[in-house]
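The chain below stands alone and is given as structure tokens, in the form predicted on its own.
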Amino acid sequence: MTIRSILMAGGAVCAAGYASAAELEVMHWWTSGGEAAAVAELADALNERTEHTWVDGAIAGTGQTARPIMISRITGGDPMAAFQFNHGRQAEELIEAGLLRDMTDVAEAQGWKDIVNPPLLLDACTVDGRIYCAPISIHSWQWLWLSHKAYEDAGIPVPTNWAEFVNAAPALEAAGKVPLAMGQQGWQQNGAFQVMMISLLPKEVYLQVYRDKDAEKARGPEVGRIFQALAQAREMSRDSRVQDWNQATNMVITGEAGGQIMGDWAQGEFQLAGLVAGEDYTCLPGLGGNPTLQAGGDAFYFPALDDPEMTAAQGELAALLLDPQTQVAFNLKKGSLPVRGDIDLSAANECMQKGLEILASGEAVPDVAQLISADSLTRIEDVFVQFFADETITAEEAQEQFAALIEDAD
């Protein structure tokens, strides 16, 4: 059921139910240890630097679990004050239905167009020239996290690129290690494919497939090599029995697994465990090859409320999210990069510094969620769920399914 049909059946959204104009319920899905530490920085900033109170609305699980709950709250007439979505097209229908607040006034007053870097992050918040969200972080998927302990136990050097990682798999298996830790969820498997697309091929191929919806390119030999690499990843991760991404990260932290393809939010887990980048673990942006990052991440949206006091409080929260002090405190804990290009992150660790250097070089492209609709992305994820669950599906068969979906994507 689309949001439009829900509205026709259920009527308009109201802003009832708030105990106080100063209590801001903020919904998100940041519940792992590192994520919770980062959220605490936002809550502390609001509680200590304004008259308002952060009411935490964490939803355990992933965005796939949380987003329908958030949307149901809004369309059902019980909106929160603010909610987290990823940068991209996930809020399009809510905006079209008039359910989200236009934040252009706050953005202009705070000069967001002058400070948000790269500009495509603010572009992802913009519909028909109006800004509807406050970007909070830049997250990139293009990372391979490697356990020094696992490779030391196996008696082999830590790899420096994807080819070396694949070649090291037999030695890790002989030492009782899982070469590649991967949670058994579609978004993680799809994420690994997207990382390979942007890291092992020229970025033009990635843009031709996702931005231009070029199905013939998706059927071509270059993308075919990525499906062969994905088949290698399926083989290397066959003994990874965990579900959640942070459980897979923990396998790397403890040395049970050699590596994990995961976004830079994994850094929060390494930091929480007391591990030091460059000493206890290695991070390879672009899988050690192509130093290009997808500039995805998170933003906060604000439901349209018929309450002037709450509306004013929403504006204060939005401004606070992009405040330099908040940006530093949150992103250092989250492992993400700040959306402001004018702040000092000299305290960032080795991995964050690598990301900042790539960002400064201009080698960033839009995240796939900014290029295709959420419905199309869900159908593509289903291809990888089936591929990882059924080893009889060949790389060639999966590629054809993928290309057919690109042909029909919006």
Partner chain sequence: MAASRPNQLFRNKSAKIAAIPMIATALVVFLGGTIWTVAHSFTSSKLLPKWDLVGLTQYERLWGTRRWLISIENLMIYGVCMLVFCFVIGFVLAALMDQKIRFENTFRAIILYPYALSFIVTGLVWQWILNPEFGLQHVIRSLGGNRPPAECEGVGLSLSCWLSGIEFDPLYNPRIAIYGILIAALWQGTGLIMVLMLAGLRGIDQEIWRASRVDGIPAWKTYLFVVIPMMRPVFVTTLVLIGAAIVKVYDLIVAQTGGGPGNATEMPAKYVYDYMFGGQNLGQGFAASTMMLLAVLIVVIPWAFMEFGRKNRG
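Computed from a predicted model, the values in this text were never measured in an experiment. Think of the rigid core as the biggest set of C-alphas that the two forms share within 1.5 Å after superposition. Positions refer to the first chain, counted from 1.
Omitted from view is the form predicted in complex with the partner chain, to which the following refers.
- Just one listed stretch, out of 199-207, 236-244, 108-116, 129-137, contacts the partner chain in the model of the complex at the 4.5 Å heavy atom level, and that stretch is 236-244.
- With a 4.5 Å cutoff on heavy atoms, residue 104 does not count as touching the partner chain in the model of the complex; it lies far away.
- Taking the partner from elsewhere, residue 378 is found to have a heavy atom lying within 4.5 Å of the partner chain in the model of the complex.
- Contact annotation for residue 362: none of its heavy atoms lies within 4.5 Å of the partner chain in the model of the complex.
- In the model of the complex, no heavy atom of residue 156 sits within 4.5 Å of the partner chain.
- Contact annotation for the candidate site: 23, 84 and 307 all lie away from the partner chain in the model of the complex (no heavy atom within 4.5 Å).
- This chain is drawn without the partner chain; in the model of the complex, the residue among 223, 94, 122, 192 with a heavy atom within 4.5 Å of it is 94.
- Residue-level contacts in the model of the complex: of 311, 184, 161, 228, one residue has a heavy atom within 4.5 Å of the partner chain, and it is 184.
- Residues are counted as partner-facing when one of their heavy atoms sits within 4.5 Å of the partner chain in the model of the complex; in 54-82 these are 64, 65, 67, 68, 71, 75, in sequence order.
- Relative to the superposed core, residue 373 undergoes a C-alpha shift smaller than 2 Å between this form and the one not shown.
- Once the rigid core is used as the reference frame, the Cα position of residue 75 differs between this form and the one not shown by 2 Å or more.
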